[in-house]
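First comes one chain, alone, set out as C-alpha cells in the form predicted alone.
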C-alpha cells in the first residue's frame, strides 16, 4: 500500500475557529491538488494552544468539528466539486459530556462526504514549565489503533511521545502509521536547532526504528502570549530515517510518499517489536509488581 501524505505547519489565529477552519480547508485542498491523500495538521490547530480558561468556550464536540470542517471545505472548493477522497487528521479542544479534552480527530472525506474514523484524547498532560494542561482539560484513558483505507493508524499528541510507552502500546496494538500532532514552544536556542526540537527528532526517529512504523509529525508555528512554536515537522520511515523535514518557525507544507510495504522489511531487519511481543506476559508481570510497590 502506497499513498502520498502531507504535514502542514500553520500558525492559527488564537480563538478564531471559523478563520482557522477556513485556512485548514484551503491548505487541505491545496495538498489534495498536489496529490496528497492524507493531510495532517498540528495539535489545537482550530484555536491555538494556550487558551487556559478559554478552553470551555472554544471546545466543540467531535461531530461539530466534522460538520464545521465539511462546510469550510465545501466553501473553499467553490464552484469546483470536492470529489477527491481525502483524509484529514487535526488537533482540537474537544467537549464530550461536559468534559474537555485536548484531542486529535481523523476524518475521511469520501467524494466529499465526511466520516469520523477516530478521536484520540491526549493521554499524558504536561504540568511543568509553561504547561498546566491538567487545570483545563481531562486526560484520555486509552491509546488505540483504528482502521483506515491506508492501513492501521494511531494518533499521539505532543507529551504522549515524550513517554516511549505510548508509541510502544500503539505498535503492539497494530499501528503501522502513527500521526504525532504537536504544539511545542521553543526551548533552548544553544545550537542550530532548538533543544526541544532536537529531542523531538530523536524520539520520533527512535519510534520509527524500534517499532518499524511510519511517523507523520505536524508541528504548530506562530506566537501566543510571547511564546513561539518551533515548527520543524518531520516524516520518519520504518527504518528511523527522516524522509522529509519542515523549516523552523514558519508555515510550510511537507509532502512525502508513504510505502507501507517497507514495514515488513524493516521489521525483519530489526525484529524488536516481535521480540517485545514474545516477552509481553513477563513485562506485564513486571508492571504489576511496580504497581504493588507504589
Partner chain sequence: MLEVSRLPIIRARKTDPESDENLRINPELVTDFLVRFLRDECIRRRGVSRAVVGVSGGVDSSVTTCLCVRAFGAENVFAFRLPYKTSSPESLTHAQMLIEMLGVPSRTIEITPMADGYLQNAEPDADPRRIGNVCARCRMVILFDQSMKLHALPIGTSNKTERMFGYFTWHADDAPPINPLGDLFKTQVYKLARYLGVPKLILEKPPSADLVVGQTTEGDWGISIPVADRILALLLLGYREKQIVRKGFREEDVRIVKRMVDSTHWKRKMPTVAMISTSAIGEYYLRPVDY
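Numbering follows the first chain given and starts at 1. All of these numbers come straight from a predicted model, not from anything done at the bench.
Here the subject shifts to the form predicted together with the partner chain, a form of this protein not shown in this document.
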### Query
Taking heavy atoms only, is residue 86 within 4.5 angstroms of the partner chain in the predicted complex?
no
### Query
With the partner left out of view, is residue 277 within 4.5 angstroms of the partner chain in the predicted complex by any non-hydrogen atom?
no
### Message
Even though the partner isn't displayed, in the predicted complex is residue 135 close enough to the partner chain, meaning a heavy atom within 4.5 Å?
### Response
yes
### Query
Contact between residue 186 and the partner chain in the predicted complex at 4.5 Å, heavy atoms?
yes
### Task
Could you spot which one of 266, 51, 258, 27 gets a heavy atom to within 4.5 Å of the partner chain in the predicted complex?
51
### Query
Which one, 95, 176, 224, 159, lies within 4.5 Å of the partner chain in the predicted complex by heavy atoms?
224
### Message
Please pick out the stretch from 242-250, 30-38, 65-73, 258-266 that is in contact with the partner chain in the predicted complex, where contact means heavy atoms within 4.5 Å.
### Response
242-250
### Task
Select from 1-18 the residues with a non-hydrogen atom within 4.5 Å of the partner chain in the predicted complex and write them out in sequence order.
11, 12, 13, 14
